[in-house]
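This document starts with one chain, in the form predicted alone, laid out as structure tokens.
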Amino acid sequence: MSTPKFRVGLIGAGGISQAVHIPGWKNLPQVEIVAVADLSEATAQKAAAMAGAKQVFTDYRDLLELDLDAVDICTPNKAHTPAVLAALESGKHVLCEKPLAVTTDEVRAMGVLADSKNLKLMTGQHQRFTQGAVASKTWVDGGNLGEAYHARVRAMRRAGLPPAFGFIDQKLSGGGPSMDIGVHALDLCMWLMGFPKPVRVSGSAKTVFAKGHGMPNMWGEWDRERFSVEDFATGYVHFDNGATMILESAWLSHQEENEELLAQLYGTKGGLKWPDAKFTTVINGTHAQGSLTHPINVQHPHWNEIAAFCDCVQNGKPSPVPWTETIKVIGILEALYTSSTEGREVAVKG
């Protein structure tokens, strides 16, 4: 007797869905991608052909009427919340691309609903599934870092502004590089720190180059009139355990590196850098350093993220990226934007 397939529906069929999510689902033999929904019928049809899905919708609410085990949501940021809530209300487990939402109130609404229905809700933070991240987390969990008292988080590009409206229009994205790439490095750093509770943030978010400066962009031109988010942000975070953090993110900047994603932790027993997985410590009174490796092969972090979600649903495990962690990440970014607007340090919502 054959085992029933794990039935999945895709909401949002654009670039990231086609590039990594569909191949990730197709890599799992127990999965059947049943349907695809996208506002663009042509985009949905293209993705459905890639996925082997037989049904296509332009309204995700029609997709949610199907008999599905889970939905994978890859819409623009501001569209996450209504789609996630509707999916949970219909009894489906949910994997949603980062950021899960752009406010803590929305994250909490999703999480409370998921918990009340005993459904899995996971944010797509694929950087946790890279080899360097797995090695770093194993090292930290072994007690080698000690107590993390300070951290640096950088998500800085030289000329990597994504021109699509889903990134540069505030009404669709809810934020600029902080919500796009900063959320990756911030989540990874918080994960390594053990998710202490953030309590207050002083931040600044501004548009330096994107509205009219002659900064060339490796991804081509963008609509300067419609650009309504920051292209640079920085913040200083205080945690309830006394730890602190500096956060920086940018799409455009004068720097040597094309892109730098960095989480650097300073602990009482050692220090650690991600993604290099390089550590420093003291052994027998002597300064020591080295690089960490992990025996597992992590070639496709998005695929591993999807496999972990599928495993948690099928085998009753906790969500690999629970909303109770995500809400702290979004709380920091939300407070950073509020601090920038109000010109003062603000408390983090929790």
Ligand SMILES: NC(=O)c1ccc[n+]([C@@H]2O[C@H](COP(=O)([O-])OP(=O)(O)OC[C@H]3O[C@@H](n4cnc5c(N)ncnc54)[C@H](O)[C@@H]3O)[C@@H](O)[C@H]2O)c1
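The first residue of the sequence shown is number 1, and the count goes up from there. Owing to the predicted nature of the structure, the values given are computational and were not obtained by experimental measurement.
There is also a form predicted together with the named molecule; it is not shown, and the following applies to it.
Visitor: Tell me which stretch of 221-229, 91-99, 107-115, 257-265 has a heavy atom within 4.5 angstroms of the named molecule in the model of the complex.
Guide: In short, 91-99.
Visitor: With the partner absent here, would Ala37, Cys74 and Gly124 each sit within 4.5 Å of the named molecule in the model of the complex, counting heavy atoms only?
Guide: All of them do, each having a heavy atom within 4.5 Å of the partner.
Visitor: Looking at Lys137, His238, His184, Lys273, which is the one with a non-hydrogen atom within 4.5 Å of the named molecule in the model of the complex?
Guide: By the 4.5 Å criterion, the partner-contacting residue is His184.
Visitor: Report the residue, out of Lys26, His294, Lys46, His302, that has at least one non-hydrogen atom within 4.5 angstroms of the named molecule in the model of the complex.
Guide: Residue within 4.5 Å of the partner: His302.
Visitor: Does the named molecule get within 4.5 angstroms of any non-hydrogen atom of Ala79 in the model of the complex?
Guide: Judged by the heavy-atom cut-off of 4.5 Å, Ala79 is in contact with the named molecule in the model of the complex.
Visitor: Is Phe167 one of the residues lying within 4.5 Å of the named molecule in the model of the complex, judged by heavy atom distances?
Guide: Contact check for Phe167: yes, within 4.5 Å of the named molecule in the model of the complex.
Visitor: Does at least one non-hydrogen atom of Trp323 fall within 4.5 angstroms of the named molecule in the model of the complex?
Guide: Taking the distances in the model of the complex, the answer for Trp323 is no, it never comes within 4.5 Å of the named molecule.
Visitor: So in the model of the complex, does any heavy atom of Ile330 sit within 4.5 Å of the named molecule?
Guide: Contact with the named molecule, no.
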